[in-house]
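Taking the form predicted on its own, here's one chain by itself in structure tokens.
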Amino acid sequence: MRQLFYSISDVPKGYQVSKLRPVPLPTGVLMCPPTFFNVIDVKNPFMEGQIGQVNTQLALKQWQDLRYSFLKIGLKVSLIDPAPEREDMVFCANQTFVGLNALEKKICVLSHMKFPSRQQEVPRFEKWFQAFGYEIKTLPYTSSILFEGGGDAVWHPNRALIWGGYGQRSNKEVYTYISEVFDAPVCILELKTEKFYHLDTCFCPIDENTVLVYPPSLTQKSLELIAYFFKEVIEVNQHEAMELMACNAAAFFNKCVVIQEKSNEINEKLKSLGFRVIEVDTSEYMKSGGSVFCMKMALW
């Protein structure tokens, strides 16, 4: 049954995330080698002044280090073949949104992306997910309605609850369909600023009770929803949110959090709460507006 929460007033009295059906944590990730990665135009504020500035050798090393970090955690790392003139394919979080429905069937919803160059990535991901047993779903909307997959739609860890961002790259209308496909409620969060163009740049669930968030990026109604569903809301400071993209981290089983290095305040806070922090360097990818979360798609 469809359930959309735009504000606290939409949440039924006594509603608790712990009572929602459990969803297994992902056991793997999909990555795309950065063979053709570069900054060739400006699609978001992070890319301004970065055209042609990517150190491709360093970018390859950083990607390899990130892949190794995932493997070391115990995740299975699957790869999709990169393609010429698809420089952004390395950011695997955006072309689809995947997960399990109420019957634990693997579902892949295809994105409607804003930029034509990125729209051309989607068919390659469709073929990959179809080959690996995911049921493919296409949004029942015209191409004028945008949805950028896992960049804006984020699962609540362990529970059948989805957080849906809108305002920059995705339209809120898509979450009616997302809720129906996965048989899961959606908490809808409004992004206020162009700098934080995807939800995953300013909001990162760490576990069922803990979340990282950069408050200035979201409306007050959105922040109230977050505070209702998470017991521990960790506010990221401006430097670590903007300069280090600390909210674009990725959390996995065994309390492991993979995050940009030198995010000292947040990393120390996570450690104090018992999380295992794995620091990586994604500086070349931040020139394009992405970090750890953007560079993988979780797999079940």
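Numbering starts at 1 and follows the sequence shown. What you are looking at is a predicted structure, and each value in this text was computed from that prediction instead of being measured.
Although it is not shown, the form predicted in complex with a small molecule is what the next lines describe.
The small molecule in the predicted complex comes within 4.5 Å of no heavy atom belonging to S170. A residue is said to contact a partner when one of its heavy atoms sits within 4.5 Å of a partner heavy atom; T282 fails this definition for the small molecule in the predicted complex, lying far away.
When contacts are judged by a 4.5 Å heavy atom cut-off, V233 does not count as touching the small molecule in the predicted complex.
In the predicted complex, N44 approaches the small molecule with a heavy atom inside 4.5 Å. None of 135 to 143, 225 to 233, 194 to 202, 174 to 182 except one has non-hydrogen atoms within 4.5 angstroms of the small molecule in the predicted complex; the exception is 194 to 202. R118 is the sole member of K106, R118, K221, R124 with a non-hydrogen atom within 4.5 Å of the small molecule in the predicted complex.
With the partner removed from view, the residue among W163, Y166, Y214, F91 that has a non-hydrogen atom within 4.5 Å of the small molecule in the predicted complex turns out to be F91.
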